[in-house]
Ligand SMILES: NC(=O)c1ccc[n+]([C@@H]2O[C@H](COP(=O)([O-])OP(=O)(O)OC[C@H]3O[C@@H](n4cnc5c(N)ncnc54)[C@H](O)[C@@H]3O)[C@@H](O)[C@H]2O)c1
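The chain that follows stands alone, in the form predicted on its own, written as structure tokens.
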């Protein structure tokens, strides 16, 4: 497939994630044309179009797709509004980028993945933690010593608002899935799992912990809890004689061979930027998607790969002690 010089995008959604991390990234790419944007709320639509110099605005996404004939569609809407828009785009044989989670059920994600494969569409789900510059650099340093033998993903919050989107999506699928997905990225596919899922101080499930054995023999740990003191996301990666402890909003520390003082990698230094959409991984995930479109190859977090993360979410629910 010939490499495309410029990617023409249709954008669906003018919400917070679109405005704060995705569109600022795309606006910096000289090989991207933000050709049109659609949202049902005209005030948000107009403000977003003006902010990112997008000339054409629509409140009907099918009309937009008809008129601007894009190469790819960004669909940045809540997960319970996602499915029909994705299916329509894939039926038009358009490449698609969506935020996590990829729908509200594994079956939805499987059906999107099947249609994408049938129509030869390139797809991506925004699991941006895999693209955090400081985490990527920490993993590279660990794997210089050998494959990862043990890893952990910790995601804590002080959050008592209930399941997401007024109850449309459970906490593990909607948000804790970040930790589930990055465990797969660090350790690979899961052979065995035993989990604990509980509701603490609430009527809904809000803490999810699991011990995993990966197919390569490595061990993984999921530690998530939505009723603790503060929000923190962190990962650990260990190999022979080396360990990395990373908090992607702050830093990673690498310890080698029992040395007391570790090597510190500051998050903003790793990203070469103080802008959150860059040091948090959104810029590099969007760059990855555009590069894959130009080269005609599937992105790392495509729909088929994301099915495996959704299946692991299901296994956490169904493998309780």
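Numbering follows the first chain given and starts at 1. Nothing here was measured: the structure is a model prediction, and the numbers come from that model.
Absent from the display: the form predicted together with the named molecule. The rest refers to it.
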_Taking any heavy atom pair closer than or equal to 4.5 Å as contact, tell me whether residue 89 reaches the named molecule in the model of the complex._
no
*Should residue 178 be counted as a contact of the named molecule in the model of the complex, where contact means heavy atoms within 4.5 Å?*
yes
*4.5 angstroms heavy atom contact with the named molecule in the model of the complex for residue 78*: yes
_Non-hydrogen atom contact residue 126 with the named molecule in the model of the complex at 4.5 angstroms_ = yes
_294, 287, 256, 44 - the one with a heavy atom within 4.5 Å of the named molecule in the model of the complex_ = 44
*Find the only residue in 116, 85, 172, 156 having a heavy atom within 4.5 Å of the named molecule in the model of the complex.*
85
*For the chain shown here without its partner, which stretch in 196 to 204, 94 to 102, 137 to 145, 239 to 247 has non-hydrogen atoms within 4.5 angstroms of the named molecule in the model of the complex?*
94 to 102
*Flag this candidate site as yes only if 24, 34 and 283 all have a heavy atom within 4.5 Å of the named molecule in the model of the complex; otherwise mark no.*
no
_Contacts with the named molecule in the model of the complex - residues in 283 to 315 whose heavy atoms fall within 4.5 Å_ = none
